[in-house]
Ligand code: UT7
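First, one chain by itself in structure tokens, the form predicted on its own.
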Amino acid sequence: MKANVSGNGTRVGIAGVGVYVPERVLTNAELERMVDTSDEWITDRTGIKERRIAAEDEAASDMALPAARQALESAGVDAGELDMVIVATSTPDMLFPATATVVAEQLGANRAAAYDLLAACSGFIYGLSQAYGSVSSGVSRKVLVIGSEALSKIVNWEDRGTCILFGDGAGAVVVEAVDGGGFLGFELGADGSGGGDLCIAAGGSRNPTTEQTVADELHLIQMRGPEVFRFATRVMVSSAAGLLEECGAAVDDVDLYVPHQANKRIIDHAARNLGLPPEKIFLNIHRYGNTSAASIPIALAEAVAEGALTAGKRVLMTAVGGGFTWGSVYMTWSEGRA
């Protein structure tokens, strides 16, 4: 699915950003003492030096809340004004009620619809597209989109192929009508044939929880690394290139590329094949690892804080996640509320 939305009337953009990461830092040096790996091996293959780990009593909603409050403050929006709260997560507090309802209640967003969105690492991009559609159609005026992940709770800490990759954190944005800039286009897709390459095999209706599924560690992340790498390197490029073409834009029309921070080799491959120079790529994977749906909103908030993302800059975002799902967004960073 590709859509150029630049001529659709109401300008819709991101009016505020927020971020939260746990205090606990897990370095590669510490992982060397946990599994058969090394700092050099991890850095060379992933670009990750450290990641944040949620406290034992810290769930997805606990991280989403401070990120959401910061985004609301950044946008100058009161929680009571929100019409919708979307939480993109693969690690909800529980299956139901939705983590978004917990967040909305604690924020005081008493008039907002609230739901969780599960599209793995692409969840935030999917959430942005839904927020855009709701605001541009007039169904909503202000939408809060959050990516929040507590992946350390579902990682197998004895599997060196996965435990080195993932971290915890949350990022949030407020989506509303804006005076200038805003979303220009979206590209979304999915290919379920590769779903088994990155999954949690038990705990749903297909394989309900039993003593055996727990003993077999089927409630932890399972990944076929080479297959995921091949798919991600291909789709990160095709999704972004297809969206730019749909929007009548060229690579030179991208001021900042904010990719999902999954693996630096995947990001480098995408940037090289798209023709994006290093100075246009925002990277924080070395600090946080792969935070799934939280990855891009964390990066956006940091890019704003560092001055790398200012009004008028044209931003390209792309993510690929388990499922497989993928998505890209092209936008001009907003100049202010409408």
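What you see is a predicted model, and the numbers here were worked out from it, not measured in a lab. We number the residues from 1 along the sequence you see.
We do not show the form predicted together with the ligand, though everything after this point is about it.
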Checklist entry - With the partner left out of view, is Gly18 within 4.5 angstroms of the ligand in the model of the complex by any non-hydrogen atom? => result no
Next on the checklist: Is it the case that Asn263, even though its partner is missing from this view, gets within 4.5 Å of the ligand in the model of the complex, heavy atoms only?
Outcome noted: yes
Item to check | Residue contact check: Leu117 to the ligand in the model of the complex, 4.5 Å heavy atom | outcome: no
Next on the checklist: Residue-level contact is defined here as any heavy atom of the residue lying within 4.5 Å of the ligand in the model of the complex; does Gly321 satisfy this criterion?
Outcome noted: yes
Checklist entry - Within 4.5 Å of the ligand in the model of the complex: all of Cys121, Gly161 and Leu165, by heavy atom? => result yes
Item to check | Candidate from Leu72, Ala112, Val102, Leu198 lying within 4.5 Å of the ligand in the model of the complex - any heavy atom | outcome: Leu198
Checklist entry - Pick from Gly180, Gly225, Gly108, Pro97: which has a non-hydrogen atom within 4.5 Å of the ligand in the model of the complex? => result Gly225
Checklist entry - Can you say which of 40 to 48, 309 to 317, 60 to 68, 268 to 276 gets within 4.5 Å of the ligand in the model of the complex, counting heavy atoms only? => result 40 to 48
